Every structure is written in C-alpha cells, then in structure tokens.
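The chain below stands alone, shown as structure tokens; this is the form predicted alone.
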C-alpha cells in the first residue's frame, strides 16, 4: 500500500520562504512625518514665547493692580510716551549699549585677528571664552566688589600713583555707567570673538595667498580682504549682541539699582521697577511691547541695509 509522504528537500538546497512585504507609509503620512517630529519643539516654543507676548499685549490694554483689571485701551501707551523716566531709560539703554557694543566689536576683532594669525595666541583660544561661562549675576557681584565694595580698582590705581584715596565709582553718573560697560564688555566680548574667529577660518585661503604673493602685508589683507568678506557675519553678530544688550538687567540690578538719579536705569530695569516694585503691571507690559517693537524695527533696518545688494 502506497502512502503519499511530503517531499523532503535535498540536502544543500535552500527552501524558499516568502518574505513579508515591507509596510509602506501612506503618502499623507510621509508628508506629515517631519511636522510630527517638530511638533513638540514647536509647541514648547509657542508656549514660552508666543503666549507670554500675546498676554503682555492684552495686559497692556488694562490698568492692572493685582486682581483688579480696568480697561484703558491705549491709555498706558499714551502715558508712557509722555513719561520722562521712560525716555531717560531708553536713552540710558542706547548710550550704554552703543559704547559697550562698539568696544566689544573692536576688541573682539583685534583678538580674533591675533588668534587667527599667531600660533601662540591661537593655542590659548579657550582662555578668551572663560568670561562668557560665568553666571551674569556672579560677574556683576565680582565687578561690584572690585569697583566699590572691595575697592580693588581704587587700590590698584592708587598703588600706580594715578589717584589718591578711594573713588566712589557708583556715586558718579559717568563712573557708574562705566562700571556697567566694563562688566558687560568683559563678559560678552568672547561671544563676538568666537563668531569672528569662525568667520576668519571659513574664508577662502586662496584669496589671502594670492594677496600675500602680491606683496600685501597681513594687516592690509585683514583690512582690505578679510573684513569686507566678514561683513555679513559681523552685521549678524552685532545685531544679535545688540538685541541682547537692550535687555541688560542683571548688572543694573546687582551693581547700581539704576542710581545715581536714574542715570543707569535701562529699559529692562524700568519695566521691572514698574511691574514688581510699583505693581503697575499693565504699564510695564505696555513699556515692554513698545521696546519690542522698537528693537524689531531697528534690527530689521540694520540687517536690511547691511545686506542690501544695490538692486533697485
């Protein structure tokens, strides 16, 4: 009697096993997949940036005293534009920021030039970044101790025979502004320095070699070739740093408290004083909105003019 047994494949012959077909996403899902990945980060940014901004605009339309909200429309804005303290704080911000930003740019370009050319200075490049690694509040306390509380600067100048006695650095308008500028320049010049060094290293070396073969000196190459090529980078770096300077608060809060006579009160400290000392939150919100609009207009104008290609 014959029975049909299943055939056994011969030895050495691989048995073909069909593989399951890979699952393919639908076209709609493939298009939406990048946005799904970005959604958490986008939601986080909207929560911490867009919502506070919209809330500040809404709050600026009211006279807010804790839980009491009284509609005033554009009354806060009208009052701010007639407020001498607002314009004084705006002028202090512009003056201190302009001097500080100019010094930072010049010093950062000079250090970047030597760090890019000199092998010895290049080896100590990380040292120049150290001030930027400190907490702003710690830097402010250190410089306040050096200028006034510890009288370190006065003692050094006295030992050099430049002054006699101690100087009240925070009691004079020019000197108080100088302390803020020194602290800001010391800490944030490395921010511009690292950007300028990266811009120099990213330039086409063949252009510099051609200029050097034609007999141009390194200072001439830097001034006539490197700087024009770095112009877009310099403009962007200055714009970013300028925007950050408009929010100068920590140094003022720790070192001067806006004294003497409000001569060192910046816009950020003015907004803080109106909101958290006078509890006029609507007024402070209106001042912050005006400052934001002014900052955006100035930054947009600077960048647009700097990148203007000459086309009409």
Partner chain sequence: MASIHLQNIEKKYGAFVGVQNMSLEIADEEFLVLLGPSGCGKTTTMRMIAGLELPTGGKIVIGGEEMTEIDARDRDVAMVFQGYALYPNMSIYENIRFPLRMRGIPKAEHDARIRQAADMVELGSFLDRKPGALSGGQRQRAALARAVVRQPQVFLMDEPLSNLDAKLRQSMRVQIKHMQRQLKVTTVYVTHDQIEAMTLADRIVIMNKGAIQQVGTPDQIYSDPANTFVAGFIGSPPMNLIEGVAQNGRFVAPGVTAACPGYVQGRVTLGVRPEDCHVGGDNVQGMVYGVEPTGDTTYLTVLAGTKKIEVKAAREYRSDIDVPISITFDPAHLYFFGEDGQRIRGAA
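If you're wondering where the values come from, they're calculated on a predicted model, not measured in any experiment. Positions refer to the first chain, counted from 1.
FYI, the form predicted together with the partner chain isn't displayed, but the following is about it.
The stretch from 94-102, 208-216, 172-180, 81-89 that comes within 4.5 Å of the partner chain in the predicted bound form, counting heavy atoms only, is 208-216. For the three residues 63, 68 and 72, a heavy atom within 4.5 Å of the partner chain turns up in the predicted bound form in no case. For the chain shown alone, residue 228 is a contact residue for the partner chain in the predicted bound form, at least one non-hydrogen atom being within 4.5 angstroms.
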